[in-house]
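As a starting point, one isolated chain is supplied in structure tokens, in the form predicted on its own.
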Amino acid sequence: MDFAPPKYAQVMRAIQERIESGEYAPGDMLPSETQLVRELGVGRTTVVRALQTLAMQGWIEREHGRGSFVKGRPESAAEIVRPSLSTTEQGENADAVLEAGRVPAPRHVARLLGVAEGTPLIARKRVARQADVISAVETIWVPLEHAIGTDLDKPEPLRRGIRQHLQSVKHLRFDHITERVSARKPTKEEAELLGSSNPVLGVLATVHDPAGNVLMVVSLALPGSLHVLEDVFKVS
């Protein structure tokens, strides 16, 4: 069976094709978020996520209060959408957050963070949706020293992504992410949320600062029927 990529990835591709065709030239201002929502028939969160990812990849530049401007095709364009990076970049809808608060570190998370099992962490569990369908179950674990003083332990949705929030409040800088992807069975809780016990793409990622310290651990359960991880690269 052929499965469509996530909606935000479809929005990204539509904008990329217009840039490559010259319809959107370097320096041009993109249509507003409201115009893109109306034109492409998707939600505002989907458009915002697509624009954030395009900005990270170097296709566009976003200016607060002004809009998004075309930069052009990056010299080494990364066509792949990195799930864990997108998770830390996106803002949250009102119904996205399921749980937020202090929890003991599970064994596999403690090992990645280099702490003892059971060490208190802040965990933020949420879901992403495509229309009315849950398209991902996301859990972010953050050590207390990085989370205290932030809003990560509060159930209210974050207006900005976790990356921006930590950078502005704690002055933490993300340098690189190690991402591991595997096919696995969903946990009982994931299966209940997704409404299916079919295999998922399991993403487990560690987010590092410039010194290599692990700032957080991200876990994703992505239904295989909704997600395709695709990469495009040059062969020398």
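The structure presented is a predicted model; accordingly, all values stated were derived computationally and were not measured. So that the term is clear: the rigid core is the largest set of C-alpha atoms that superpose within 1.5 Å between two forms. Residue numbers run from 1 along the displayed sequence.
What comes next is about the form predicted in complex with the DNA, which is not displayed.
**Request:** Please run the contact check for T45 against the DNA in the predicted complex: heavy atoms, 4.5 angstroms, yes or no?
**Result:** Taking the distances in the predicted complex, the answer for T45 is yes, it comes within 4.5 Å of the DNA.
**Prompt:** Heavy atom to heavy atom, is H171 within 4.5 Å of the DNA in the predicted complex?
**Reply:** It does not: once the DNA is placed as it appears in the predicted complex, H171 has no heavy atom within 4.5 Å of it.
**Message:** Considering non-hydrogen atoms and a 4.5 Å limit, does the DNA approach G27 in the predicted complex?
**Reply:** No, no contact at 4.5 Å.
**Request:** Using a 4.5 Å heavy atom cut-off, state whether G67 contacts the DNA in the predicted complex.
**Result:** It does: once the DNA is placed as it appears in the predicted complex, G67 has a heavy atom within 4.5 Å of it.
**Message:** Exactly one residue in T34, T178, N198, S182 has a non-hydrogen atom within 4.5 Å of the DNA in the predicted complex; which is it?
**Reply:** Looking at T34, T178, N198, S182 one by one, just T34 meets the 4.5 Å heavy-atom criterion.
**Request:** Mind telling me which stretch in 205 to 213, 185 to 193, 35 to 43, 163 to 171 gets its heavy atoms within 4.5 Å of the DNA in the predicted complex?
**Result:** Answer to the contact question: 35 to 43.
**Every residue of P6, R49 and E63 near the DNA in the predicted complex, heavy atom within 4.5 Å** = Answer is yes for this spot.
**Message:** Aligning on the core only, does the CA of A221 end up 2 angstroms or more away between this form and the one not shown?
**Reply:** After core superposition, the C-alpha of A221 moves less than 2 Å between this form and the one not shown.
**Request:** Classify T45 as shifted (yes) or not shifted (no) between this form and the one not shown, where shifted means its C-alpha moves by 2 Å or more with the rigid core superposed.
**Result:** True for T45: a C-alpha shift of 2 Å or more.
**Asked** With both forms fit on the core, has I60 moved 2 Å or more by CA between this form and the one not shown?
**Response** Yes: I60 shifts by at least 2 Å between this form and the one not shown.
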